[in-house]
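Listed next as structure tokens is one chain, alone, in the form predicted on its own.
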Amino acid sequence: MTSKPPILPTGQPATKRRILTGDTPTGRLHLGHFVGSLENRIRLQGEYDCYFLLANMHAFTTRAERFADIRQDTIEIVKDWLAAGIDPGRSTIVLQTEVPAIAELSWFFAMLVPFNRVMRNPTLKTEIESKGLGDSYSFGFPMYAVGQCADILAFRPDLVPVGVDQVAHIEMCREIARRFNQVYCAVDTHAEDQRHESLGGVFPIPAALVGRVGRLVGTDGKQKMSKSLDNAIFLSDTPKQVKKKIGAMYPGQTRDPDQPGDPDINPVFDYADIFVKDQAFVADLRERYRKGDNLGDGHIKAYVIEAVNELLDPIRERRARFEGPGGDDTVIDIIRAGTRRANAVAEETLAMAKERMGLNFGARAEMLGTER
């Protein structure tokens, strides 16, 4: 099968390796998202052909009755992306529910993975527990784990920037890609992952790219940062909100400022390691804190507050451009333009997959009677 290469926003043929990642719209993004994945996406825009997916269909697996919230959360996440530095002129923003090839691939992929394998996915099990779903989750909830594989493979990426908690999902995606290539493309079961495409496989075996911080602790100092746990610092928080949240962090110990402390159990020092640019300065603070050199927790928090606000200031400024009248409409226009480009790639992938599966009875447009 031959086809033209997909066209990038610049109008140039895609010759770069491709990235696909995204977020489920469950609310605004926070610092954990930024250091876990988002900053990698921003950094790699000039180096890769980037696709960033809004997984709004997945949001319905646990909030089907809150459809209005899902719609607005989708818009808010795009604002966070744009504010953080995602450039729609260099990257493609994709709305999952407007790419029909994803749903069709999800169905095909579901035939290639046993149900008990899906339910062994540790990320899925953690979500069931953390959200208190028990046995009441919808039939579609475990299906989203397969759907996420279709989200990725529909764009045939080489890399998937994710937080460490999503690595298990990527591993299942890799398994499905291998299985499809082996069953339908006659790729040898012993073939190395990097050779699958050259041996005739439809899908590359994508690799997870974990951010520089695998798991950012929340402001409670214990659990992973999460909106649902009310321990998050959002990219859109005001300087005052940042100060209040970090100022309330428990330092892991109770002590007098002039008594020795242990920086290794103090989550505030974790934030200092991540966000304060001058790491020699942080190392000095650690040593002074360990010696009890009249250095209180409030001093450390003040440096962290300053560093976090320095990071967020330009993000807040860029986000403000989309907060006024017409801001949502601008975001929706960006989503529509990106999704049009993305559909060309996803439809190409689906056609390749269906041809290998013996389902190439006619072009989709011809079968639907919509060809021009």
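Residue numbers here begin at 1 and follow the sequence given. Keep in mind it's a predicted model, so treat the numbers as computed, not measured.
This protein has a second form, the form predicted in complex with a small molecule, left out of what is shown; the following refers to that one.
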Under a 4.5 Å heavy atom criterion, is Glu127 part of the interface with the small molecule in the predicted complex? yes
Is the gap between Asp165 and the small molecule in the predicted complex 4.5 Å or less for some heavy atom pair? yes
Using a 4.5 Å heavy atom cut-off, state whether Ile300 contacts the small molecule in the predicted complex. no
Just to confirm, Gln279 within 4.5 Å of the small molecule in the predicted complex by heavy atoms? no
190-198, 85-93, 216-224, 245-253: which one contacts the small molecule in the predicted complex at 4.5 Å, heavy atom to heavy atom? 216-224
Name the single residue among Ser228, Gln241, Gln72, Asn294 that comes within 4.5 Å of the small molecule in the predicted complex, judging by heavy atoms. Ser228
Please pick, from Gln45, Asn309, Asn343, Thr26, the one residue with any non-hydrogen atom lying within 4.5 angstroms of the small molecule in the predicted complex. Thr26
